[in-house]
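We begin with a single chain expressed as structure tokens, specifically the form predicted alone.
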Amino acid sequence: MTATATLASRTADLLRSLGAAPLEADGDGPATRSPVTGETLGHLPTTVSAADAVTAAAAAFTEWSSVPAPVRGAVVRELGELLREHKSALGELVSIEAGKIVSEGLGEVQEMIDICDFGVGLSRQLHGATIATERPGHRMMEQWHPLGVVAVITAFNFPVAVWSWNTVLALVAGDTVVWKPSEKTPVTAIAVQALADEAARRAGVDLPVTQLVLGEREAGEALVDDPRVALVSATGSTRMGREVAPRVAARFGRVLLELGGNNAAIVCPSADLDLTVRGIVFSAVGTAGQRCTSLRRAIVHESVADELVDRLAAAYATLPIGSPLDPDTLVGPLIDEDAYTAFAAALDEARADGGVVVTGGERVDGPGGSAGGVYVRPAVVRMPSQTAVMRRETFGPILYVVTYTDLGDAIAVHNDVPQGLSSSIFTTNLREAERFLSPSGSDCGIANVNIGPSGAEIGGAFGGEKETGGGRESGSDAWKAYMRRTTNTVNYSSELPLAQGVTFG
């Protein structure tokens, strides 16, 4: 697809197939573009304001929160079925708008399907605890109740999956949701909202339990500052999180933050290098290095460093770079020109710090030519030590390589960054693996052995520590973030004993 009309026309067809109105070729709304060619897809429609969306969501919450959880799960089940039916179309739209290669676009939709399956089961398993009480004739227990309106603010790199992680759990929990997507990926949001509306209709729900607000920074700020929003779940940069967290805290709201990552892999002398190379390459160049879980640092034992770097350079040389809509492509575009500016600046700083670019780093033409999308060759950079540029997150395909001699030192280097999202170690030594997973090992929310830091499943809670924000989404008991806890004590006796042996009267 090289012509604007062709790409825009395909987007219109996909939106229609997903039950959404196509974008206007000319209109008063903002224009949106595709990173594939840099061309305009159309002009966005007007949605309700953030304030009006919250008003409707707050009103709907009153009724929705009283609906039994298994009935709420029916909406999620219908959404999952619609996603199965439209997986190919939505996956293609993700590729067009976010620049993900075909398999990653489809994989993102599969992740939505998976969390819907999880949510349907969860709708019959929300549970509290029965707690031993010191008072005879009493019972003490915990219950979990719906929280309220949840604002979901998402980033461009996972334009639909992160919405589903939050929204599925929130709906099952009895909350209503207002979604503000990235201004860089609004088209996929329009499509998903159409599917969510259809899922509610099929489930017999005549309430605005999910809503979409399009806009720039101001729309997100309105949701952050609205006291009727009980929880703000925000995915983005650490800088964004520093602004969101205190503003929500000032009104005693809750936040769930998924912020920056600066993920590393420790490669030990015993590592299976064939497996290691495959794991590193996918983690470092998948989504053109624009995942929060992308591998950015390789901390390699000096005995295997030269061989590993040679293997990585050879693998990088074979990577097909180009349109993500081509099924043979493995590396698609950066999201925009600003991303390239940050990519190039990081490489310049690494060179100034004594780094040597082993391979990559060049800008290359994409399907739209030099005036089209922003494409680069993924870079591998050998560094003399971990410098300041390595301690920052650069959202692009740069892999820094440093060496170590002692595993304790490697773990110290691994942890010596402000972020704490995902991590990995490649080893066939049980002691090394267990040390990395121990309390004195990786300080990240995710720690893997013999797989890279990227590619989490929905069954586990997703999130990280330190400047990553501390939030947890998706699986395990992440659902508790979307509910409020009550502790109940029931006296079924005819006496009134007080706790702690207190007597009164």
Ligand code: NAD
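All residue numbers refer to positions in the sequence shown, first residue = 1. Keep in mind that what you see is a predicted model, and the values were worked out from it rather than measured.
Heads up, the form predicted together with nicotinamide-adenine-dinucleotide isn't pictured, but that's what we're talking about next.
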Practice problem: Could you confirm whether L171 comes within 4.5 Å of nicotinamide-adenine-dinucleotide in the model of the complex, counting heavy atoms only? | Solution: no
Quiz item: Any of the heavy atoms of H86 lying within 4.5 Å of nicotinamide-adenine-dinucleotide in the model of the complex?
Solution: no
Quiz item: Is G261 one of the residues lying within 4.5 Å of nicotinamide-adenine-dinucleotide in the model of the complex, judged by heavy atom distances?
Solution: yes
Quiz item: Any of the heavy atoms of K184 lying within 4.5 Å of nicotinamide-adenine-dinucleotide in the model of the complex?
Solution: yes
Practice problem: Spot the stretch among 376 to 384, 324 to 332, 229 to 237, 270 to 278 with residues whose non-hydrogen atoms come within 4.5 Å of nicotinamide-adenine-dinucleotide in the model of the complex. | Solution: 229 to 237
Self-check item: Of N157, S283, T210, S95, the one that lies within 4.5 Å of nicotinamide-adenine-dinucleotide in the model of the complex (heavy atoms)
Solution: N157
Practice problem: Select from the listed residues D206, D406, E216, E134 the one whose heavy atoms reach within 4.5 Å of nicotinamide-adenine-dinucleotide in the model of the complex. | Solution: E216
Quiz item: Heavy atom within 4.5 Å of nicotinamide-adenine-dinucleotide in the model of the complex: which residues of 378 to 412 qualify?
Solution: E393, F395
